[in-house]
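This document starts with two versions of one protein chain, written out as structure tokens and named structure 1 and structure 2.
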Structure 1
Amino acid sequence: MSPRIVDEVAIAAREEEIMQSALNIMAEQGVAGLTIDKIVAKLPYSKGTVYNHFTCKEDLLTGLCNRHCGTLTEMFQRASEFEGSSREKMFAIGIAYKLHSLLYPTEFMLVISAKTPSVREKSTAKRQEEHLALEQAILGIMLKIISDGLSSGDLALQPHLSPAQVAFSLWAMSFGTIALLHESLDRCTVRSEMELERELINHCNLLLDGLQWKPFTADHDWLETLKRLKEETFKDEVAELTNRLSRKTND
């Protein structure tokens, strides 16, 4: 292995260490509690070394958000390859998003922080460009599913709707439902009576039925599709969540 490759591996490992330390701090103290000084205090690196990787706290937040989007893109891609109808694949996108939010709760909420002007304006151009590219990749996967639905005749868009609008509405619905019902958040009385997976499925089917995307809710066994997704497409993620729950229970 050449010295350059060794250096690149070491740099990537150090950057991962910095991001993980930041996540640990945010898990305990929130985004507002994160500072570069706190990260340096937990790592065997100088502040200058941390700044060599991230120019500021905001640049680090965007980097974390990009890592989150990269993992999410990979899960969305697997959802799009599910053996089923185009609507089942779009349903799988929602399930992928839910599982990802449970595996990475802190990163999930960083999407909001990355969109704020204070973070966006201070992040480097490189990270901002990477973020936009990842968003395009995510939307691209959804647009391909929508295109497949149109080609198969399962979906026929009304004249005032574009595929991009449909993709965005599905993405927004999934994010909003998960954000409001996520188990890591305090809930008001009404929300406490709702269960994340059930409501995500309900909202997904409400929206897809409204778009006249076949097969309709009443014409398909969506619990069977959910079972297949958990046992096949996302079996590793389900296993990891099960292991975490087991460890938490034993603790």
Structure 2
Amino acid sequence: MSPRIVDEVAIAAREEEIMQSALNIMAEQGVAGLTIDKIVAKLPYSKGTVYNHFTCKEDLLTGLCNRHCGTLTEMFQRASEFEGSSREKMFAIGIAYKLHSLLYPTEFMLVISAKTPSVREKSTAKRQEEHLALEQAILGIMLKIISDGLSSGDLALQPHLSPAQVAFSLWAMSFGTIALLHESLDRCTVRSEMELERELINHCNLLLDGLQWKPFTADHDWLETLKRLKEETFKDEVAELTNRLSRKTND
């Protein structure tokens, strides 16, 4: 390993430290409570060093948003590998999105603020392009499932709808549902978590029924699919969430 590569690794590690510190502060004090001083307070670096990694605060927020998209892509990938019909795989995408937003609530909110023009315009072109590439990867996973549905015959596209439009409809619906119910999530109770799950499943199934993606809601045991997803594909994530909730209850 050349010194150059060692440096790059060290720099990447420090960038990760900075981002993790920022997330810790936001988890406690919200996005508005984040300051550069607080970020470096618990780190052996100075304010100036943060500005060697990120051109400004907004650039840091976009960086965190991208980091978040990366872990989401990983979970979507696993969802798409679920053993089942193409509609079950798309259903799994919705569940993955929900679990991810519960596991990383601060970061989910960040995606919303990172999309506002005031944040986006100040971010580096490099990080903005990175963000678009990550969005493409996420859409790509969904497009693959749609393609599976078309070739298996479970899905027949209505003439006015393209695969990209189908993917986007599911994304917009999931995003809207999670975003609107998120405000009740900071209480982090079992009840509000169940509410989000129930509504997201409802919305997902309504949209998939509307697309006439088989099997229809009434013709399949979706609770069984949900059970398998929770016990197999997303076992670790569900365990982590259960853990956090019981810790909260004990407080």
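The structure presented is a predicted model; accordingly, all values stated were derived computationally and were not measured. Here the rigid core means the biggest group of C-alpha atoms that line up within 1.5 Å when the two forms are laid on top of each other. Structure 1's sequence is the ruler for residue numbers, which start at 1.
Comparing the two isolated chains, structure 1 is the one taken from the form predicted alone; structure 2 is not. A movement of the C-alpha atom of Val31 reaching 2 angstroms or beyond is seen between structures 1 and 2 when the two forms are aligned on their rigid core.
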